[in-house]
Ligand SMILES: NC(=O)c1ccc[n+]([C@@H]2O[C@H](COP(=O)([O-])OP(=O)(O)OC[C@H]3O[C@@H](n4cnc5c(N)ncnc54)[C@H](O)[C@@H]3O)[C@@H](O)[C@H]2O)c1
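Below you'll find only one chain, the form predicted alone, shown as structure tokens.
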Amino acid sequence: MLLKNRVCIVTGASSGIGRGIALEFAREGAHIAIADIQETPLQGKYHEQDVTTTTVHEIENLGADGIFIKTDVSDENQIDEMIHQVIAHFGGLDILVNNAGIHIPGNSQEISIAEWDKVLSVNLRGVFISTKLAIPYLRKSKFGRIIQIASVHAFGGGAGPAYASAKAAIVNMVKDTALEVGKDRITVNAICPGYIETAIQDYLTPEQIESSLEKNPLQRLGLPKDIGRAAVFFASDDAEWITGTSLLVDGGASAKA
């Protein structure tokens, strides 16, 4: 097991990509805290229609240890309380995965300023606060890892001004944080998913989903497990000399210029 007995926080892990990461961590023997605004998983119109069990339930079915902590990552006090609960329950922290995120469709004329602020408060501010508050505990670990979930939209437009801007900022934050904590032997990396089959894709039309499939060189859409395995790699000893990087996990969709 690549992550046996390592303590992990995965934000936004009740559903989608975060759930996929948490389950792959569980397969590798980790102890996992699920930090999300609700424990019940989302069900989508196109993907994840049949997901009903909680992530903690599935973690326990895999023989691992998991806890759910209700957390709104736009609230710094809730993040602080969540981290303290993790330390109290597991006795330390080895891996932080900032996955929680939201998307509000709309261009610069359609999205309101309040909606811009809401997206940035979760997708960027929440990532910074979680990282800031976790670092003192990660410094005490022999296996300190920070994994930020960005997006292919960090490198191009198309997902709206707030979402794309936040994800691009995360990519650069990874580099800055990697320089800051390198001396502590903490690695910091980002995963940039392409189209992943999750309930968050409900804002798309069936035609848009089919177009994404047709354009993908591997002729399939991504699964939460695909991001989960990339996260396992970054969290493991195999990646102990990799930091400050951003890994595209998109089935080759971004390979064409």
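These figures come from a predicted structure and were not determined experimentally. Start at 1 and count along the sequence shown; that's the residue number.
Just so you know, the form predicted in complex with the named molecule exists too; it's not on screen, but the next bit is about it.
The candidate stretches are 98 to 106, 84 to 92, 172 to 180, 129 to 137, and the one lying within 4.5 Å of the named molecule in the model of the complex by heavy atoms is 98 to 106. The named molecule in the model of the complex is not approached by residue 66, whose heavy atoms all lie more than 4.5 angstroms from it. None of the heavy atoms of residue 216 is located within 4.5 Å of the named molecule in the model of the complex.
Although the partner is absent here, residue 73 lies within 4.5 Å of the named molecule in the model of the complex, judged by heavy atoms.
Looking at residue 38, you'd find a heavy atom of it within 4.5 angstroms of the named molecule in the model of the complex. Taking a 4.5 Å heavy atom cutoff to the named molecule in the model of the complex, the contact residue among 200, 62, 232, 209 is 200.
Although the partner is absent from the chain shown here, 16, 42 and 149 each have a heavy atom within 4.5 Å of the named molecule in the model of the complex. Of the residues in 108 to 124, only 122 comes within 4.5 Å of the named molecule in the model of the complex through at least one heavy atom.
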